[in-house]
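A single chain, nothing else alongside it, follows as structure tokens in the form predicted on its own.
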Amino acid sequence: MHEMGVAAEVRRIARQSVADRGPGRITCVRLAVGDLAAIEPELLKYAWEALVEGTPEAGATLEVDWRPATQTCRICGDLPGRAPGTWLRLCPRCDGVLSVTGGDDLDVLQVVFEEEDPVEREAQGGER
């Protein structure tokens, strides 16, 4: 399950993004995941929840924006009716070569966090 490694890298990026803006706690990370990224969104969310459990990010959500890939025939144009997760080598109408566009996304789109009150943080014992 390589989703655990991806979740760990997303967490590292999100934490760095928050640290660049001052002390704070991550509440949500929004991620673009493409059809061709070889990531199973539900497994990624599961890995995220396991990774942040018992950490300062516990309860932070991971939202996935699914980005589908599109197959297009170079002769006919659009290829209608392709079922999700299925791929064709040739156009079913004219046997033309198909091209694939999009769907290779794996990007952190947004990190939502709560700013920490420095006085409250000091009262709780300082650094986390």
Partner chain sequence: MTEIDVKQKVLAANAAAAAGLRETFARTGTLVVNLISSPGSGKTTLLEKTVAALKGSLSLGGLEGDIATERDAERLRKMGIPARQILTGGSCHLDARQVERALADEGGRLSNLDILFIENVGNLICPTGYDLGEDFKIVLLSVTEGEDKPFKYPAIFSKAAVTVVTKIDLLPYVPFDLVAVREQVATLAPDGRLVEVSATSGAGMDAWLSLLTDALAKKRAEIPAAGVAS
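Positions refer to the first chain, counted from 1. Not measured: the values here are computed from a predicted model.
The same protein also exists as the form predicted in complex with its partner chain; that form is not shown, yet it is the one meant from here on.
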query: The unique member of Ile75, Ala50, Leu88, Leu43 whose heavy atoms fall within 4.5 Å of its partner chain in the predicted bound form; finding: Leu88
query: Ser99: touches its partner chain in the predicted bound form, heavy atom cutoff 4.5 angstroms; finding: yes
query: Arg93: touches its partner chain in the predicted bound form, heavy atom cutoff 4.5 angstroms; finding: no
query: Thr55, heavy atom within 4.5 angstroms of its partner chain in the predicted bound form; finding: no
query: Partner proximity in the predicted bound form: Thr27 to its partner chain, non-hydrogen atom cutoff 4.5 Å; finding: yes
query: Sequence-ordered residues of 4-31 touching its partner chain in the predicted bound form, heavy atom within 4.5 Å; finding: Val6, Glu9, Val10, Arg12, Ile13, Gln16, Ser17, Val18, Arg21, Thr27, Arg30, Leu31
